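Listed next as structure tokens is one chain, alone, in the form predicted alone.
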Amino acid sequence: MDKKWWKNAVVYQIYPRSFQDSNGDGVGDIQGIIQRLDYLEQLGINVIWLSPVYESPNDDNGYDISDYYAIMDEFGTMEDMDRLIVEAKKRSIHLVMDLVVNHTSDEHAWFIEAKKSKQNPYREYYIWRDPRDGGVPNGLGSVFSGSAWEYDEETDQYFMHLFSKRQPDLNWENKQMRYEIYDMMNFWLEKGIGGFRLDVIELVGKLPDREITAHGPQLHEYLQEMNRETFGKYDVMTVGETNSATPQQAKLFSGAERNELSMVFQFEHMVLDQQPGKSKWDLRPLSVVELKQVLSTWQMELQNEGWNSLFWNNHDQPRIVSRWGNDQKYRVESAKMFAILLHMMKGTPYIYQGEEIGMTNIVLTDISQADDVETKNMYQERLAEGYSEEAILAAINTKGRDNARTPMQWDDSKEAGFTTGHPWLPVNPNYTTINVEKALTDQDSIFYCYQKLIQLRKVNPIMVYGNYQLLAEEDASLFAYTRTFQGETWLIVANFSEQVNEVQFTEVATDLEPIISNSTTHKRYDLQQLRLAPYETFVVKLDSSLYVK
């Protein structure tokens, strides 16, 4: 068994712009994060994944980097960054940096040089093509709408951008560019960071002329080279964002003998509420049976090979309690259900800021309230296609990225304790009832459920290494599975619905004390006769000789 510290870890993602503002300018910053480290230590996490804080013009909220060696003024200074690394270490917290190497900002010095002429030495750091029939080189599209090609009048060529036109794609076929990237990664590793989260890393092996973007033929060669030249020399954690990876591909990224990454993010479960073959904005109801199938496939496929990342939320996803739970009547119950279901699976769990207090989606009533570039582009595109404003806003309120980016809700004071100024994005109006201060005074809060799950993980190897087995596969509302390790079996049962659910397991114990539960009524469980309240979830230890149906 390959034991690594990051398999035992629980990661907390910070979106710095929205976490804590220390100087009243309305934007979260590094000093603000330092001020809140004691809170994160109390929660019990041991890794911070920090979304980008590098120099950036902010066309895509920091995912458009103009200088990898500098900190964005709004966030602070390199001295602040050095102090954050040190202060986190004092609390046994590793700091994992978010890194974007598929593209840079169009304000990066490399691209400024590259645009000057076709002969410029930096020209080959990016992807340029001649016009074809007086137009774009081919049909490649941008994730943020429209063509992936932008015309440059100065040199009469197009450059490629899979995201915003202000995010030109780097040319990974250029060895000199790759090694400049590796030098930069080593600069950060030498500072003592705990690793990298590699944004859209599956795209770096692209072959634009063949219209291949993800999982190009040289992708794994590049990652093995990156590992060899940078983080492979350190005891750090690496996670790659691989939006379209299959379990078989995930094994290539994360197999121990492959010398690539620790783990990857996959998003197969995150697209289950969109219509097949359509965009994320074309919605359909979630099927619990499909969700179980997808998560279980990943659990089983990576059981003994590779490693899973476990998440419901991040800066690009809506709040899970609003998305698939009930953020009104059963907000606390459904938020705890998602926590228990996820943290009891095999893999490294991720908590997105505010998830641990059950923060919810926001409701936009007008497009002027949106900040996200993807959202605003989609709005204009769909309006032109004849969609009603009402339908577009409904999709945005369900799946828009701003849902995750509203400021952290610390207390019930003005602007939720996030800032003394005017916040860059409005605070969710429900901050007076949903906030950290309130959660910490309530022993039954969502916060303490997460804290207990993290503590359980630290002392129970079964949560880290136990094998997974799904039960009741076709049940439309029951999500139940076991974890088994060294003769010990835990049973995890969740009522994934707003109705009372009556469940029977055969030949099992009738009086079991839960290891953890979200019930305020059940102190013990009779598995032969269960009557589960809406979203009720519990974990019990079974006698390994018992048979679970």
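As the structure is a prediction and not an experimental result, all values here were calculated from the model. Residue indices: 1-based, along the sequence shown.
Heads up, the form predicted together with alpha-D-glucopyranose (GLC) isn't pictured, but that's what we're talking about next.
A.B. asks: Is Phe163 close enough to touch alpha-D-glucopyranose (GLC) in the model of the complex, meaning at least one heavy atom pair within 4.5 Å?
C.D. replies: Looking in the model of the complex, residue contacts with alpha-D-glucopyranose (GLC) include Phe163, since a heavy atom lies within 4.5 Å.
A.B. asks: Taking heavy atoms and a 4.5 Å cut-off, does Phe144 contact alpha-D-glucopyranose (GLC) in the model of the complex?
C.D. replies: Output for Phe144 is yes: heavy atoms within 4.5 Å of alpha-D-glucopyranose (GLC).
A.B. asks: Do Glu268 and alpha-D-glucopyranose (GLC) share at least one heavy atom pair within 4.5 Å in the model of the complex?
C.D. replies: The answer is no: Glu268 has no heavy atom within 4.5 Å of alpha-D-glucopyranose (GLC).
A.B. asks: Given that the partner is absent here, does Val100 sit within 4.5 Å of alpha-D-glucopyranose (GLC) in the model of the complex, heavy atoms only?
C.D. replies: So Val100 counts as contacting alpha-D-glucopyranose (GLC).
A.B. asks: Out of Arg178, Lys292, His315, Lys399, which one falls within 4.5 Å of alpha-D-glucopyranose (GLC) in the model of the complex, going by heavy atoms?
C.D. replies: Looking at the other structure, the residue within range turns out to be His315.
A.B. asks: May I ask you to choose, among Glu333, Glu355, Glu241, Glu74, the residue with a heavy atom within 4.5 Å of alpha-D-glucopyranose (GLC) in the model of the complex?
C.D. replies: Going through each option in turn, the one that passes is Glu241.
A.B. asks: Can you check 163-171, 78-86, 474-482, 209-217 and let me know which stretch has heavy atoms within 4.5 Å of alpha-D-glucopyranose (GLC) in the model of the complex?
C.D. replies: This holds for exactly one stretch, 163-171.
A.B. asks: Need the contact residues for 192-212: heavy atom within 4.5 Å of alpha-D-glucopyranose (GLC) in the model of the complex, sequence order, or none if there are none.
C.D. replies: Read in sequence order, the residues that approach alpha-D-glucopyranose (GLC) (within 4.5 Å, in the model of the complex) are Arg197, Asp199, Val200.
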